[in-house]
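In the form predicted on its own, a lone chain appears below as structure tokens.
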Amino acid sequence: MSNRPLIEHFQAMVRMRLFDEICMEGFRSREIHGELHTGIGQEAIAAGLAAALASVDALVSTHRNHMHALAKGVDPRALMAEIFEKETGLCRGRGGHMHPFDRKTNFSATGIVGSSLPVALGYAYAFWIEEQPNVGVAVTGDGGTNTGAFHECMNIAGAWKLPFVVVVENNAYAISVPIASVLATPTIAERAAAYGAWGRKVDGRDVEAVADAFAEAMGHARSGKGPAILEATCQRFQGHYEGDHDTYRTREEKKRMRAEDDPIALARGKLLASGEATEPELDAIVGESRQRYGAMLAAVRADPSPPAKEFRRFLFVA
């Protein structure tokens, strides 16, 4: 079980959302190039992972990775600088938004759908061989679970009882494809039985539910019992990427999800109803976070970009 107070989860979710909102600003100003994928609406899942992740565990994320990086303890200043393509970034501005990497925290990401699993499985296999009590964690979306890599990774992890946890952010759409039209079973988590794995589906809007279930999944994997699948249902408020026309969802659907499925609003309501926090206290958390990230953005904007003459640097093949 997670022992992190809800107010700490609230603060983490607020900071995650503000971070992504700043990235959206950088996209609109054309300081960030290429596609930008944000996780706004999915904060409870990332925040729920943080408490059970040890620094030595490995977490491999997707194209929608900012919040997972923050949950893993990646320096937000270096992460923001990387997304804004600055020399001060994690990868000196060369990885950008899609491929941040931080050796210090064992965090990485891949833009290829479903390919977080084989990378995280590699970590899990290494931990198993070296008899280290660490876990390889892969985050993927509902679309990523319909790739061959998902089956292959879960099968070998189950056969060898590797310390491997897969977190599925089920936001009901694989880009524009409704998951209900391409899923043969009512849930994704129930596939776990086929691999001899632990499996559970939780409400991904409820940060405490996610934290408790993820802690149990990590304990299962860390104790040598084999892999786990945690499916967390959620809503993606933005399009698949910034600039996506998002015509596959109706205006009514998008309006409803923002009104009913916002994990930050739900946590705020719970804190107020229980008396654990007051409106001024929660407003202060939001204000402090906004000030902190605003100052961070100003500093990142002043950082140098990679010099044009070094565009071939760090390439394997020039």
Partner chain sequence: MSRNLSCSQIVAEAIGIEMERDERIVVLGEDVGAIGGVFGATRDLQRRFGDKRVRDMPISEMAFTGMGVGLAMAGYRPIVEVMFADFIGACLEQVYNAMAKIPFMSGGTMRMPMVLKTAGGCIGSAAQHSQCLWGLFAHLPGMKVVTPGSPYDYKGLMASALEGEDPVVYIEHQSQMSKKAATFRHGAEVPAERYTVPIGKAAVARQGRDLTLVTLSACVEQSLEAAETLFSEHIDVEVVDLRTVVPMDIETVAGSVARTQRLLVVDEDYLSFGVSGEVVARVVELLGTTAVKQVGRHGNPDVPVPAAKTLEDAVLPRAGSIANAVRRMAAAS
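Residue numbers count along the first chain shown, from 1. All values reported here derive from a predicted model rather than from experimental measurement.
Below: the form predicted together with its partner chain, not depicted.
Remark: L90 counts among the residues lining its partner chain in the predicted bound form, judged by a heavy atom distance of 4.5 Å or less. Looking at W128, you'd find a heavy atom of it within 4.5 angstroms of its partner chain in the predicted bound form. Although the partner is absent from this view, Y123 contacts its partner chain in the predicted bound form, with a non-hydrogen atom inside 4.5 angstroms. In the predicted bound form, at least one heavy atom of V119 sits within 4.5 Å of its partner chain. Judged against its partner chain in the predicted bound form with a 4.5 angstroms heavy atom cut-off, the residues G95, H99 and E152 are in contact without exception. Among N134, T233, S108, Q238, the residue placing a heavy atom within 4.5 Å of its partner chain in the predicted bound form is S108. Residues within 4.5 angstroms of its partner chain in the predicted bound form, judged by any non-hydrogen atom, belong to 153 to 161 and to none of the other stretches in 153 to 161, 211 to 219, 69 to 77, 187 to 195.
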